[in-house]
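Quick setup: one chain, the form predicted on its own, written in structure tokens, and binding and motion questions come after.
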Amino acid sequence: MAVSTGAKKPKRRGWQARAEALNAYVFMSPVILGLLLFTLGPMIISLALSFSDYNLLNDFQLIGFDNYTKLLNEELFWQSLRISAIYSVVSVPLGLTIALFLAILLNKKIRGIYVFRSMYYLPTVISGVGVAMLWKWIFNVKHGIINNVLGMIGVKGPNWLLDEQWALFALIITSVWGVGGTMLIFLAGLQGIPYELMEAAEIDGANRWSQFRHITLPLLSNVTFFNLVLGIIGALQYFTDAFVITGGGPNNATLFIAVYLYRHAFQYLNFGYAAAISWVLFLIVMLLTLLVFRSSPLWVFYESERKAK
């Protein structure tokens, strides 16, 4: 007769299971309440407002899709959408390129490298308004650093912030200031690339460019994908610098869609119309994000796929 040596696990009592479940819900409650009160709640309210004609001076009144119809026929809306699109198309690839270049430089094993990494990341934790005021001074036509440097080499600097042709370009330049966060993510991705692959490629005679093109870039594609999605979302919601530095001017040359939304919400107190703008912006961001996700199988490479092969 066989004798079982394994000890049977005692059945958990019902009250113990309920106590553990209660503890779990207690610990999750701050996140759940925060999501309901500060995310889902405001989204539902803004959706309702987008179908209304409401400001602080009149009662809530439903008007159907009138705000959206008016929005699509508004010239300034299309102007703001065009400005945001130009900024995104230029600033996102530029930021990714510079961030990757800095990450490659800061991936070297040299003395004091941690100091340089901190220096390049530091601008991302500085107040956005403070940075915007700094750039406003830098681009000053008479006393700004940029025009003073250009004057030393005999070049007359433009009136950056008051010229319609240069204002948007100046804001694109300021976007480079905040690439430290993207650089840090690229740096983490670079440090995750197996050194053995680089060593094997070097033994096979691959030069630095070949190693970068055929090893580094494919293995960084998932990190690039992540940074690209965040970059698109951030660029389409660009607000602080444009609001502080130019205020949407001159002559609406830097009227980003977020600045356009702010004007209607807090200057004109047209909350219903502003809510409609916010939902159109949300749909645009969601659509572009979905397109990037759908394109990812064509160019994003994951480490698990290499191991499976």
Partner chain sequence: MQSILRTIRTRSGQQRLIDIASVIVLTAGAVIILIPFFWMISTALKQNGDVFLVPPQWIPTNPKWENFSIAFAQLKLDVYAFNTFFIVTAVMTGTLLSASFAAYGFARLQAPGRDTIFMLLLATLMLPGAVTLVPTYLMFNTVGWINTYLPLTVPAFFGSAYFVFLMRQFYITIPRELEESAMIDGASVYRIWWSIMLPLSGPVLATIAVFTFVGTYNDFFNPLIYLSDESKRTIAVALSYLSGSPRSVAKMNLLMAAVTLSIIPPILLFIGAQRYFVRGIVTTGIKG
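Computed from a prediction, not measured in an experiment: that's the story for all the values here. Between two forms, the rigid core is the largest collection of C-alphas that superpose within 1.5 Å. Residue numbers count along the first chain shown, from 1.
Below, we refer to the form predicted in complex with the partner chain, which is not included among the displayed structures.
Contact label in the predicted complex: residue 155 to the partner chain, heavy atom within 4.5 Å | Output for residue 155 is no: heavy atoms all beyond 4.5 Å of the partner chain.
Is there a heavy atom of residue 296 lying 4.5 Å or less from a heavy atom of the partner chain in the predicted complex?
-> Judged by the heavy-atom cut-off of 4.5 Å, residue 296 is well away from the partner chain in the predicted complex.
Flag residue 121 as yes or no: does it have a non-hydrogen atom within 4.5 angstroms of any non-hydrogen atom of the partner chain in the predicted complex?
-> Close contact exists here: in the predicted complex, residue 121 approaches the partner chain to within 4.5 Å, heavy atoms only.
The partner chain contact at residue 262 in the predicted complex, heavy atom, 4.5 Å | Yes, residue 262 sits close enough to the partner chain in the predicted complex that at least one of its heavy atoms falls within 4.5 Å.
Go through 17-40 residue by residue and record those having a heavy atom within 4.5 Å of the partner chain in the predicted complex; state none if no residue qualifies.
-> 20, 21, 23, 24, 25, 26, 27, 28, 30, 31, 32, 33, 34, 35, 37, 38, 39, 40, in sequence order.
Core-aligned C-alpha movement of residue 58 between the shown form and the other one, 2 Å or more = It does shift by 2 Å or more.
Rigid-core frame, C-alpha of residue 292, shift of 2 angstroms or more between the shown form and the other one | Residue 292 C-alpha, core-superposed: shift of less than 2 Å.
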